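As structure tokens, the next two blocks hold two forms of the same chain, structure 1 and structure 2.
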Structure 1
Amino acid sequence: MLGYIVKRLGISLIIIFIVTVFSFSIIHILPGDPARIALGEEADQAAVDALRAEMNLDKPITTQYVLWIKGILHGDFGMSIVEHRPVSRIISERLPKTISLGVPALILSVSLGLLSGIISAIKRGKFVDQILTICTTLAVGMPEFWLGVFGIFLFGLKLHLLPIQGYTAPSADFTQFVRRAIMPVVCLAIHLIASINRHTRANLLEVINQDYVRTARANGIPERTVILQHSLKNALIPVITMIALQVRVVLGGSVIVEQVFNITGIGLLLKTAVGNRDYLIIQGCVLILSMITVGCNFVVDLLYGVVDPKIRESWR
């Protein structure tokens, strides 16, 4: 097992390296001069050239990449071209906001998605399954921004039950954090709940029709045991993969939700940085998000062995 873990760690590091190379190259292809954008169109050319030299933008792209990697290895993500502050400090201010909303959204999504998917599979074709199918279909086709605006209108402006925007850290006021987080978390979770429901239902229906499941029922094993111990484990492998892939969407793709609810998280930071051509912030955000995504995939590889004994055997 140790050899398998070391191998997966090596692959993960290679993937992160490839992602940084591609993102670094693509960013520098974008039109626009970051120094000119930062100083304004009326700035003197000498000042622009001085800023470019200060930020190493006048050097070849390979040299810029090497200097950036050296800084990363020493814990230095560089200085923001626009904000003139350390990138690490900016990300450390924004990332906890996104994580504090993304983690509850993932927990909610996995819990409700698996539960509703199991119920749909067990009650296939019945009234409960039809209702859940309609709900998941609506959830998949419902845009996040529309759901957010509707929530603000109904629960904020009409019923006055929830704040319509802003963010409060849980360490500062947990009650206020929960009240402000309810609508953003639901907006982030709604699509993922529907996706997990569909994948769980489809895979579970495929598994419960297998011969070994019918044999377990014929031997008098309780239906609950048949579903939870014999069927669900085999149906979970593709669902686990899908959940891991959705982590990057919840964390990095939350820009719409953050913009609707005026939450200055990592998604909104990345969007603003792309508009400002703030290379170092973009590179830092992409690096952090790629590390989180690759880390989740690494955990998923280990979970495969927990779920499937055959995979566990292959580690030896």
Structure 2
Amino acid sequence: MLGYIVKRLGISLIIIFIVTVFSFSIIHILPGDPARIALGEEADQAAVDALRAEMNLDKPITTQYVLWIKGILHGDFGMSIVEHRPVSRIISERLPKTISLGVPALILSVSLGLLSGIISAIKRGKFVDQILTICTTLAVGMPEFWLGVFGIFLFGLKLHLLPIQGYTAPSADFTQFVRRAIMPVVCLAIHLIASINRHTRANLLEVINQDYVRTARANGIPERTVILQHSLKNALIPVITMIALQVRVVLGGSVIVEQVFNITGIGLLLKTAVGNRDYLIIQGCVLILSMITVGCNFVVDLLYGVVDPKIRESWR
């Protein structure tokens, strides 16, 4: 088990290293001189050079990388050229909003997706299964922004049931948070519910056709036990990997959803930063969001190794 953990940790660290190289190079491969962008076209060359020196842009590239990583390990992501505040502070203000919508979205999609997927598999080919299949097929093709706009139109503007925009922190006013979060969370979750449903159904059906399930049935074990105890455990393993991979989809979806509902989370921050060419913010956002994904995948991999000895073995 220890060997497995070390190997997985090693791989995660390599991935993080590649991501840092990518984030680091953002400032260098993208067009324009960051110092020039920060000071504007009219600034005189001496000031630009001074800022370049301050941002370490005049040093050799490897030195710059080392200095940059050192800064990040101390929580220093640099200064935003637009807001003139530390990037780390801006991100730490924005990130909780994104997470407070992303976590409910994940919980909603896992519970709804698993439940409907199991129902689909048990009632395979029946009316319920067909209805669910139609819904999930349509849901996969539904753009998140369009669902959001449609929801705003129907529930906000026509029926006046929900507020159309904005965000309230759950600690400030929980009911208001829930009312404002319902539509964004559903938009974030919609694709995920559908794909978890599809994966659960397909995997469960495959397991149900295995010999040991047939044997269990032949032994007269009740159908409920056959499904819940014998089949589900094996069917869920591939589904769990898939869910871990989807954390990134929820984080990516937040860019869209925060734009639609005007929520000042990290997704909207990134979109604005791209518009302003605020390179240090972009760097910080890419790094933080990727770290979250890598971290989640690592934890799931570990759980996985605990649940399934076969996977542990395959890493020897």
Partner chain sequence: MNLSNVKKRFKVFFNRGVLSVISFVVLLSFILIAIIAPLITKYSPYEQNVSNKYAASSAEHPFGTDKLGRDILTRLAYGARISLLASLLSSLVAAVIGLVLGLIAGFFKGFISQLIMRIADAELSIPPLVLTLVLSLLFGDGVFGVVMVIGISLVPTYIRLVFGLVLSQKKNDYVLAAKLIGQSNRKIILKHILPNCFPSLIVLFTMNLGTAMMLEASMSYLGIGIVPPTPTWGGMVSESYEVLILHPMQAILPGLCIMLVVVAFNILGDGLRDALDPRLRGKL
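Numbering runs along the sequence of structure 1, starting at 1. The term rigid core refers to the most C-alpha atoms you can superpose between the two forms while keeping them within 1.5 Å. Predicted, not measured: the structure shown is a model, and the values here were computed from it.
Peer 1: Just checking, which of these two is the form predicted in complex with the partner chain?
Peer 2: That would be structure 2.
Peer 1: I122 and D58 - same rigid part or not, between structure 1 and structure 2?
Peer 2: They occupy separate rigid parts, so that I122 and D58 shift as distinct bodies between structure 1 and structure 2.
Peer 1: If the larger rigid part is held fixed, by how many degrees has the smaller part turned between structure 1 and structure 2?
Peer 2: Treating the chain as two rigid parts, the smaller one turns 7 degrees between structure 1 and structure 2.
Peer 1: Keeping the rigid core fixed, what distance in angstrom separates the two C-alpha positions of A53 between structure 1 and structure 2?
Peer 2: On core superposition, this C-alpha lies 3.4 Å from its counterpart.
Peer 1: Looking at A43, what is the CA displacement between structure 1 and structure 2 after core superposition, in angstrom?
Peer 2: Here A43 registers a C-alpha shift of 4.2 Å.
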